[in-house]
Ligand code: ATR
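The form predicted alone is given below as one chain in C-alpha cells.
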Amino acid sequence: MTTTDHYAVFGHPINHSKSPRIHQLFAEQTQQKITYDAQDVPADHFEQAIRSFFKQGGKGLNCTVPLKELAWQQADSLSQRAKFSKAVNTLVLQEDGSILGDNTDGLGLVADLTINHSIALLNSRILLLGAGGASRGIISPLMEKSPKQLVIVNRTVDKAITLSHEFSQLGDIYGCSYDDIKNDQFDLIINATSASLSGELPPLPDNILAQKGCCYDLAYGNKPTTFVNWGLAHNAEKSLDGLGMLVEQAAEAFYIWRKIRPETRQIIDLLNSERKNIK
C-alpha cells in the first residue's frame, strides 16, 4: 500500500496562500500521492511548529513571510544558495532524520522572467526595491544571468549598502537611497517590498524606467498590485506580479521533495484564468 506523504506551508498570515492549490495540481499532474496544507505559524511559535510537524511524519515544508530567515537558522544543513542568501523557503526531511534548508525563490523568479516572459537579463540594469529576506533570496540567481549592474535601494539606506557588500563578489552591485537614483534609468525594476499589498509605493522618480523597461512585483493578488499599476502607468513594456514566480519556485520545491519536475505553464495559465473570474 502506497503511503501518502504530508507537506505544508508555514506563514503568518497564510489564508491568502495559493500554495496548497498549486501543489495539489502538481501532484495530480505527476501522479504523486501527497497532502499539502497551509498553517498559520507566527514567528514566536516557529521552532516548536517545525519540530512538531516533522515529529508527526511530515516530509517537507515551505516557509513564507515572516519565517524565511528563521528557517535558515533552524535547518540542520543548507544548500549552497541558501547559505548565500541567509533565507530558506524550503525544508526537506533527509534520510538520516536531519532537515535540509534550501531557497527556490530566485530560481522561480528567473524562470518566470526569462522563460515565461522572455525578459532578457544579460547586460541589463536592474533596480531592486527592498533589502530584506525577499531580496536576499533572489540576488544570486539574478547575478548568474550577467546583468550589467544591480542597484539595491531601500528606505533604510544602511541595509541596502550592507546587502550590496555581502553580494559584491557576484558582480556590479550597488546599495543606495531613493534620492541617489533620481537621474538613473533601469531596464528592469523588481519590487521586493510588501508596500504595494497595502496600497503604498516606494518613492520612485517618474523617469526611472528605461524605454522598453519592465516591472516585476514579487507580491501577487487577484487584482493588479499597486506597483504593477505603477509600471503600466509609466509605459512599462511588461508589468507583472509574482504569481508566475510563485508557481516556478513551488515547482523547484516539489522537485527537491519528489525528484520529479512538474510542468508549470499550464498551472500558471489556470491560476491566471481563475483570478480573472474573481469579482
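Predicted, not measured: the structure shown is a model, and the values here were computed from it. Quick note: we count residues from 1 along the sequence shown, nothing fancier.
One more form of this protein, predicted together with the named molecule, exists but is not displayed; see below.
Looking at 149-157, 205-213, 104-112, 169-177, the stretch with residues near the named molecule in the model of the complex, meaning non-hydrogen atoms within 4.5 angstroms, turns out to be 149-157. Note on contacts: among A82, L142, L188, A192, the single residue with a heavy atom within 4.5 Å of the named molecule in the model of the complex is A192. Mapping the unseen interface onto this chain, D76 falls outside it, with no heavy atom inside 4.5 Å of the named molecule in the model of the complex. Contact between E252 and the named molecule in the model of the complex is not found at the 4.5 Å heavy atom cutoff. The shortest heavy atom separation between L127 and the named molecule in the model of the complex exceeds 4.5 Å.
Although the partner is absent here, E200 is a contact residue: one of its heavy atoms lies within 4.5 angstroms of the named molecule in the model of the complex. Residues are counted as partner-facing when one of their heavy atoms sits within 4.5 Å of the named molecule in the model of the complex; in 109-134 these are G130, A131, G132, G133, A134, in sequence order.
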